[in-house]
Ligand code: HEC
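The chain below stands alone, shown as structure tokens; this is the form predicted alone.
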Amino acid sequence: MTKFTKVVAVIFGLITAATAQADWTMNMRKGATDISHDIFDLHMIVLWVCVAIGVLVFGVMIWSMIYHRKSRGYEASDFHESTLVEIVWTVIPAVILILLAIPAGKMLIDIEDSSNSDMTVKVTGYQWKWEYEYPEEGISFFSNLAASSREAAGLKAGVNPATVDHYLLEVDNPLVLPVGKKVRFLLTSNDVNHAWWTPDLAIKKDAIPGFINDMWATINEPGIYRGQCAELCGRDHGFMPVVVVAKTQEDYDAWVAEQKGAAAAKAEEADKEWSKEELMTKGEEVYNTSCASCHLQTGEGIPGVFPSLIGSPLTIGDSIDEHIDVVLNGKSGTAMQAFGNQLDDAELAAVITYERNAWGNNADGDDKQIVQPSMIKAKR
């Protein structure tokens, strides 16, 4: 076997190994939509064009270095320029780019064409959660990082993140969609720039305050498809996953009915009188989901960034009206969000009650520190 043959064999082996590795973990996923399949196919075409160019260029270079080296008696040619070479290495790349631009341009047009959609979902980014609204169905809810991931991220009770399924990629309320329907997404943000990214659906679009972007997808098969916020949106950017559950039309219709029933049940909760134990139990759950990312599970906050709720003038004594107002409407000039449109009356009453009674804030057990949903309703 000649030296040149050995070199070619090594290069071929490296290319083969790289291809096998790409098929295993390094390559793009085909995804679950026709567009994602088309993108994958175009990606593979471009990849193999690049491979062919690389093999040709480096092959010529290696051949020249081996067989035309000085030690074999060759002398380098001495010339100033070659019009033919200039034309060749300008025209050939230009032709290749044009041939690739034609399918790529068509692909971009298809990606942006959200017309003739079967349904609409509005997606709103918050620090650090997503709100999903179904205008035709009258359904809306927030999707937060799952408690299992949040506890592991906070090292609660020594929870090891490696033992948590889909760590940082699981949510409490996933987006549910029917298969075979063209879904138009309207994307915006309530605070800072976010980006809704779900690789298997070939969707990635910025969510910008004051603007509405749109995108679309038609999911071919039932399944669970995961993504993340792809914009650096703050300290908990990595705790803002996207989970899409695709169901058959029959299962989707059943889910819609279930959501409407749950909304009716929540409306009834706002009119009932809650015990302190019920408020504290629900309040801890709401706090860990919506408040702990800033004020921590211990209520200690982050000095200089997010205030402590332990012994705070806002969470003790006669400040209950002010406390309700701040949680409902936020606080101008600070990072404190308005939760009036994020939580219902029962959830707001529960979390405020929890903040006023947890961590020793109500050491004497004063029943006046309990907030009922009716008090929230009166403040709206």
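Quick note: we count residues from 1 along the sequence shown, nothing fancier. Not measured: the values here are computed from a predicted model.
What comes next is about the form predicted together with the ligand, which is not displayed.
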Checklist entry - Does residue 341 make contact with the ligand in the model of the complex, using a 4.5 Å heavy atom cut-off? => result no
Checklist entry - Is residue 323 one of the residues lying within 4.5 Å of the ligand in the model of the complex, judged by heavy atom distances? => result yes
Checklist entry - Hey, in the model of the complex, does residue 294 get a heavy atom within 4.5 angstroms of the ligand? => result yes
Checklist entry - Looking at the partner-bound form in the model of the complex, is residue 331 within 4.5 Å of the ligand by any heavy atom? => result yes
Next on the checklist: Between 127, 259, 173, 120, only one gets a heavy atom within 4.5 angstroms of the ligand in the model of the complex; which residue is that?
Outcome noted: 127
Checklist entry - Among 306, 239, 134, 141, which has at least one heavy atom within 4.5 Å of the ligand in the model of the complex? => result 306
Next on the checklist: Please identify, from 284-292, 262-270, 204-212, 174-182, the stretch that has a heavy atom within 4.5 Å of the ligand in the model of the complex.
Outcome noted: 284-292
Next on the checklist: Suppose contact means any heavy atom within 4.5 Å; which members of 354-375 contact the ligand in the model of the complex?
Outcome noted: 355
